[in-house]
Each structure stands twice: as C-alpha cells, then as structure tokens.
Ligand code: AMP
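A single chain comes next, written as structure tokens; it is the form predicted alone.
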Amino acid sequence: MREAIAYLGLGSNEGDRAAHLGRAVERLGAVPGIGAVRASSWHENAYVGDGPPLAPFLNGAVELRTVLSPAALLGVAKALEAEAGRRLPAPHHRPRPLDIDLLLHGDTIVDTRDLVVPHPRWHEREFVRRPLRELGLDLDALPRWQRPAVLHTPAEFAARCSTWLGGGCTVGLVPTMGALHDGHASLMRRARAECDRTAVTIFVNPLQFGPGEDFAAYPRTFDADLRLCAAQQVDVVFAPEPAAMYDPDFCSHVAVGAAATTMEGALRPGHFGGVATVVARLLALARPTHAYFGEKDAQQLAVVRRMVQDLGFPTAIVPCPIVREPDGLARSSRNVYLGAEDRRACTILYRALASARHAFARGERDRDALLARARAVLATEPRAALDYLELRRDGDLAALPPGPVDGGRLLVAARFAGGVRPVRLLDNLSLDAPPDLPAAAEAP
C-alpha cells in the first residue's frame, strides 16, 4: 500500500495515564511500516458519553506516516490497548487504561462494521479537535462523514450497500414515499437499533398509482424529510428520479396473487403489482438483511411478505406497530390534506375498530357480530364514506368464514372529502391487541 499520513486519537483514564500514552507513542514508532511519529501534548478532559460518569481522560493525538492499511493500523491499535491492560472486546462505559481511535488515513474512506474512516465523530469532539490543531491541521479542510449521505442513482446505492455487506454490516432498509412523519421515524429507530447501517428510500413510485389517483399531488417534503432522517441518524437516503428506477426499456413487473386481489387490490387495480415491483427492485439493489414496514398498510405488508417468500429474497421483513395521534388517528402522509371537520371526524375509524376489539375481549366470537359492531359505530359519522370493512386472518389476511373466530385483524378504508382534496384513510387493528390509547380515544 502507498504511504499515507494517518492520525490517531489517544486517551487514558485508568492507572498512570501519562505513562500509558507515552508508552503507546513509543511502541507505535517501533512497528514495522510506521515511521515519523509525532505526538501532540496531553490534555485532561471530562468523560464524554452515555452511561454513568467516568474519571477524567488524558487525551491527545498522534500523526504518523505508514504503509499499513487502515485495517492493519486498527489491529496495531487494538494490540497496544490489550498490552496496556484493556480487556477486549472492550465493554462500553468502563475505565480505559488506553483507548486508540483511527481518525484519518490519508484520503482513504472505510465504512465497515469494525472500522469507519474518517472517524464519524472526530469533528464533534473538542478533545480530538484541539490536539489536531496543535499538530498543525486545518480542521475545516479535513474530510468528514455527512449523515445522511444522499444518493440519487441505483448504482451508487447498490455500491454503498455492497460496501456495508462486504464489511460485515447488517443493513436495515426503510422504504418510503417521503412526506415523513413520526410513524416513519419509528421504523428508522427500529432499524438503527437492530442493524449496523440504516438506509431510507424516498421515492414516489409511479407504478403504484392508477389513472386519476394522486401521484402528482402526493405530498413531497424532501428538505423536511432529510432533517427527520438526520435526527434518526440514518446513514443513507436513496432518492432516485423515476427515470433512474425505470429506464425507457423497463418491462419487468412482479405479478402478485391472492393477497392482492381484494380490499385495496379490488379498488385500485394494479396498485400492488406496482408496490411489489418497486420493493423487489429496492431489495435487489440493497440486498438488506432486514426491511421495515409499518403495519398501517397491512395488506401491503402481506403482499411484500408473500413476494419475499416466493422469490427467495434473503431479507427479514420486520413489521412495525402503527403510530397514532393521541385521539387514535393513524399517522399518514395524507393526513395533511384533511380539513378541520374531517380531521375531527376521521377518528371514527379507530373508534369503530376499538369497539369491535372491546366486544371480542368481552367474549364475542362471531365474525359477523364483530363486524356489525364496528359498522354501527362507523354509521354514526356521516362524513366517512366507507369503502370496506373486513375481518381477516392475522398475518396473510386470508378470508375468515362466517361463524366463530379465535382472533383476526379488522381492516377499514374510508373517504373524507371536506378538505383540500378528498382523502382515503386506511386503518387496522388486531382483535388480540390490548388497548393502546386512553379509554376516551377508544370510546365509540
């Protein structure tokens, strides 16, 4: 490997701190492939991080010339930490006789599970910035990670995900059409908690809109969406144009089966074929280990699960709970179009479903009686034009026959026409789910 100038951040808050740091600098100078070691002075700093407070650190930085790769230099750093008495793998929030971070390695970029270069937080920490300035660096000219990175072409997105997977990362994908809200944020938080890297897609997919539907009018709030993604520490946002996703010769479409023929599928012919095609395209590009979908679009979730199973995508589909307003309204990008009267009226959807759930909890088991209970509540709100109300088997949403049921999922769709434009709202609720809102929000 060609020679590069690398910078290491050093710290110690256990034992003879100055001796630990000095010995590390001395040992670095003796490693084959490392030369011209130059150290800053040492500065005492309060502990920065989560968890219980720790003793103050002595910190500094080292500049060196090296022909070692970033991974090899990381190996040297870990060996020196172990030599100083640090237990590896190192538990969080524990005293450290020696802590070494690889901050920069020439112009090399690394993004793997075990190593990220440039260090993702070097510019946020004064105990790193101060010694780098002392070594003569212009901090404004140094490279730093931008989170989230915004990618626009499928090739860029596929390459970034391949880098993560090749570096041993688990990858969480959150497909969206933008106009993001707290429901989307909950998917991102789940992905961040469960995966090493998180990618959000923002793409209003023309294939899932039929004639006369609201493709052009679908809310687009890209700047606000990026701020929400940044707040959730998303790594990459993939925001392609339709022409990048579907070139003029694009002709491959995913056909979907029984799960897509009723309810939304009956009202919106071709909708779920468009959903399945774009999701398949995104899964093929990203090859994520996990993909996160909200349960609000329960039929979409069932279609995606079936497609992934049938086509053998090596991705775990993770369903995430519906996020609701305090009055029960399910969060949706289209809620912004509700007029004031419709906004008050649309809580009837959740209250109708909750009423049937209460009846089930009190012992009602007849399918049609449970549906009648919900339908009676819906009938009290003239502003709601009902498209359908169904009780289906949980999971695959297969039809349930008349008679007793031992559970299931209620699904409803209704139109409200008193706002800026007509709005169709969807909601659903499992009969087995416990109440999730105050009784006043659920009262019929």
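Start at 1 with the first residue shown and count on from there. Since we're looking at a predicted model, the values are computed, not measured.
Missing here is the form predicted together with adenosine monophosphate (AMP); even so, the following discussion is about that form.
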Subject >> Contacting member of Asp297, Glu83, Asp214, Glu126, with respect to adenosine monophosphate (AMP) in the predicted bound form [4.5 Å, heavy atom] >> reply: Asp297
Subject >> Interface residue in the predicted bound form among Gly265, Pro175, Pro97, Pro240, criterion: non-hydrogen atom within 4.5 angstroms of adenosine monophosphate (AMP) >> reply: Pro175
Original post:
Hey, of 321-329, 99-107, 139-147, 190-198, which bit sits against adenosine monophosphate (AMP) in the predicted bound form at 4.5 Å between non-hydrogen atoms?
Top reply: 321-329
Original post:
Counting only non-hydrogen atoms and a 4.5 angstroms cut-off, does Pro131 reach adenosine monophosphate (AMP) in the predicted bound form?
Top reply: no
Original post:
Is Phe360 close to adenosine monophosphate (AMP) in the predicted bound form, meaning a heavy atom pair under 4.5 Å apart or at it?
Top reply: no
Original post:
Can His181 be called a contact residue for adenosine monophosphate (AMP) in the predicted bound form at 4.5 Å between heavy atoms?
Top reply: yes
Original post:
Heavy atoms within 4.5 Å of adenosine monophosphate (AMP) in the predicted bound form: does Phe157 have any?
Top reply: no
**OP:** Taking adenosine monophosphate (AMP) as it sits in the predicted bound form, which residues of 197-220 have a non-hydrogen atom within 4.5 Å of it? Please list them.
**Re:** Tyr218
